[in-house]
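Here's a solo chain for you in structure tokens, the form predicted on its own.
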Amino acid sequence: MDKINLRKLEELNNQHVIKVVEEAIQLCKPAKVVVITDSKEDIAYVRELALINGEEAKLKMEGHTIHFDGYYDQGRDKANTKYLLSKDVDWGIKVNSIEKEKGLKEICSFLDGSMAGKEMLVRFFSLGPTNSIFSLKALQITDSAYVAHSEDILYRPAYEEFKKLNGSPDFFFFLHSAGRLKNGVSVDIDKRRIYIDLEENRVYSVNNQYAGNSLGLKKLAFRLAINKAQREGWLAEHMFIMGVHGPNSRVTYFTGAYPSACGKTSTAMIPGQTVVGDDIAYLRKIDGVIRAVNMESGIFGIIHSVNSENDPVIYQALTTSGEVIFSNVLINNGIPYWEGMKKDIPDTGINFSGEWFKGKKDCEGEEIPCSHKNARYTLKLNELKNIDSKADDPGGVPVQAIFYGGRDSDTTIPVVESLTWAHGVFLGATVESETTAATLGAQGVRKYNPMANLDFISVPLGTYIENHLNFTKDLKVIPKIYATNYFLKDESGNYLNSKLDKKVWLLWAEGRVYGEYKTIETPVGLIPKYEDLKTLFIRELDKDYTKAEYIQQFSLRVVKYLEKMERMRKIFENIQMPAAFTEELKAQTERLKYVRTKFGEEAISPFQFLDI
């Protein structure tokens, strides 16, 4: 490290920072070390370096670049993502782990000399708005300018914020190396490792380039944040944050958690609403109110099927000038193309497999699509026309409602309000999602996914749920909680709702926050009255909503719900869960059994509950 870069480090006045940087240099042995501050010149240096290194290439539109990961490095590597644990723990859920000393020895052997002949970048970021009680500080060291450039888009710069630590070690540390390269991509993917040290708040990642494995600040930092939040009495959640715009210019802030392919982004981007964040939220109790911030300032989104019809705001941002990184899509004549964009796609070009032509097959004889199903775009939130005015507010936004949703073809009502906060936590903790044949193999296999967070929970599940149950203590305003389901089908396999209908469920829930709509009480929660939905469908979608549709969608499929309760009982019977959760499971089961006996039907019309 030269004197200029050493001085940048020393100006932070933090020996803990200097120590981890020194250790990284000694281990990875880079040819050059550059410390990047918050200055425009330093950040521009990183963007230019990504081009010089060939990690990105310019596209025809100003500000757009393309990055390709290796053919076998196109998604999160769950098998080789492990916690470094110094002792055995029982989290009640299956987690990948390795004994800490053994894991450190292994990954350090892979990192040893991994940056030889390459440039090490030392980066400082804020997870959340700067100068905010919510935000966490993160130190990223990487030899990938693509990784560093992506994080410039996704997170706030925080070199100056690190000065405010006053020598404290209270920051997350991430060390990444793409490892040995050939034709610009990682070669030793058999040695791809992503190891998470919860005790030291560190993550080590090597021999990979796909952002979900290499960007420490994404879902890897999320695991550290969940663990830290559980210790400190706040929540780190896999949630969007959005402003829902009701009557008379009223804005009500919702958060929402959905597993992949269950409507999370499409809910956050409903026309007429504003977005604060699409992926990860930090929630704290401040002056008796739950407030939330988006820990990111950008989007790392799946581009498959993004088009002008279904995602007009995102599509516009992707097809106009501005800073965007495309990854693993097709490039023809400097223009990006991807599956599902509803536009004619060229028969040739360059994609994640190299030179591509329609009908090209891989080594296994499988046809290679023009873009990978997990192809991505990276852009700043402020590139979107629907960004909320409080997106960067260091004080966060007040949370007045929470959505939980999964993909469920035959059980869950389209929208239901919880009976109480504890019942709402129960609804979130029992989220299930069905796999789809197109992407995950067998169709209709139900995957249990509490709070849509199963992959990232880094504490015992019982502790995680108990902290949610206790989160209303000392609150002046308790948010309402809703379970949603956009994927209910009839007996012929046809969806009972259009993609646009979720706007009605959202605005009904927004009105409920202010007590504007009466409800019907069922064993699984409070559901809308037909007359209110009919009015909303006409007002918002100019659509006639029939009583027959209402009965079909909001009838209580009591047998299916009881089957789900039995699945939940079996899941939780061997997990140490809070008594309040167990009571909710028992109570909902008993309510369902009562109406099953009372009405003697497999599906009970919502109108029948009016007489109870």
Ligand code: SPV
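One-based numbering along the sequence shown. This is a predicted model, so every value here is computed, not measured.
There is another form of this protein, the form predicted in complex with the named molecule, and it is not shown here; the text below is about that form.
- The named molecule in the predicted complex is not approached by Asn310, whose heavy atoms all lie more than 4.5 angstroms from it.
- The closest non-hydrogen atom of Ala211 lies within 4.5 Å of the named molecule in the predicted complex.
- In the predicted complex, the named molecule stays beyond 4.5 Å of every heavy atom belonging to Lys503.
- The named molecule in the predicted complex is approached by Ser260, whose closest heavy atom lies within 4.5 angstroms of it.
- In terms of contact with the named molecule in the predicted complex, the residue from Glu161, Asp152, Asp279, Glu383 that brings a heavy atom within 4.5 Å is Asp279.
- Scanning Arg202, Arg193, Arg156, Lys219 against the named molecule in the predicted complex with a 4.5 Å heavy atom cut-off leaves one residue, Lys219.
- For the three residues Arg47, Lys118 and His176, a heavy atom within 4.5 Å of the named molecule turns up in the predicted complex in no case.
- Residue heavy atoms within 4.5 Å of the named molecule in the predicted complex occur in exactly one stretch of 522-530, 89-97, 203-211, 103-111, and that stretch is 203-211.
- Taking a 4.5 Å heavy atom cutoff to the named molecule in the predicted complex, the one contacting residue in 365-379 is Arg376.
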